[in-house]
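One chain comes next, on its own, written as structure tokens: the form predicted alone.
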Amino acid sequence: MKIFTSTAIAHPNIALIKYWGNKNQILRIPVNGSISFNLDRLFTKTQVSFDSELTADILFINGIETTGSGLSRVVSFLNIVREIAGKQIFAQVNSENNFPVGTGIASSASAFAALSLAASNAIGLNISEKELTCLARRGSGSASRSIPDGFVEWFPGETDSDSFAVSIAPSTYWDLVDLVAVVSHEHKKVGSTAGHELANTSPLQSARVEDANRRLDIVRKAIINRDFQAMAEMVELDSNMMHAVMMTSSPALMYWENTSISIMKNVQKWRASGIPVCYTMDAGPNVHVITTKEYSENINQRLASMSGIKQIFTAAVGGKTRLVEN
């Protein structure tokens, strides 16, 4: 019996400029580029054991055996890894998260980033970080952005090899903090993969995509210059544009809850009073409230005093996906 095991840790990321909609659904090549930063205290830890005795892939998430669509997605991804390696051997995958899954905190990003590194290393592939971002993208588009360190840009590209992600600034570059205001722990009814397929049914998607490069340029420069105000306005605009596309898709995706809207309104009031703070939302009702380390406790207290918020996760800028001891 031969067993080859590797374990990796990856962080979810929060997109400052969003990914929504694909040019190629199978390869997950996006219609526009995106920028994000990794979230340091939130993580997925995944162990992959390729075992010559296994007759099929097995998946455990947080200690519970997972079947159905979750397993199918992992099997499809492992098939890609096996094809690249030229080896036919099945695996047991043990994955655990320290944050809620399926609620709009990019759990699929950290899951497939960790899986891509653990699986490729366990099966004997020695691939570059750029190639790893391409591999992770095949499992979940935003997973490509969880591979490199800190602040990351994902270039849309046209093919499997030129749609990749790179670090544009390390995690230590700017002391931003993301306070994730959890409005609901419920698993969202429509996941991101299905949502991407609906993007083009919205009449607003083409306008969002057409303006994307302008927003990317402004946010990229704002990160390099540590210009919070310039970043804040564009991050909120981009988030609102993506949700406008969702709300005008067919069928419509309505992720906002009453508390989500209250948080967004309050954040804009707080910024108008001089506090560096902005909001963004992924595909889910939870609101990411971004500020600087200096103001993070102040913002945390303000959020804690609001009704309807069930939990607050606090995360600074996180590092890259990495191997750990089995």
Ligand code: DP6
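Position 1 is the first residue in the sequence shown; the rest follow in order. A quick note: this is a predicted structure, and the numbers were derived from the prediction, not measured.
This next part talks about the form predicted in complex with this ligand, which is not shown.
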Flag Ser95 as yes or no: does it have a non-hydrogen atom within 4.5 angstroms of any non-hydrogen atom of this ligand in the model of the complex?
no
Ala15: heavy atom within 4.5 Å of this ligand in the model of the complex?
yes
Is there a heavy atom of Gly141 no more than 4.5 Å from a heavy atom of this ligand in the model of the complex?
yes
Contact flag, Met242 vs this ligand in the model of the complex, heavy atom cut 4.5 Å
yes
Can we say Arg73, Thr193 and His196 each have a non-hydrogen atom within 4.5 Å of this ligand in the model of the complex?
yes
Which single stretch, out of 292 to 300, 276 to 284, 41 to 49, 59 to 67, brings residue heavy atoms within 4.5 Å of this ligand in the model of the complex?
276 to 284
Taking 4.5 Å between heavy atoms as the contact cutoff, choose which of Ser108, Asn121, Ser167, Gln205 touches this ligand in the model of the complex.
Ser108
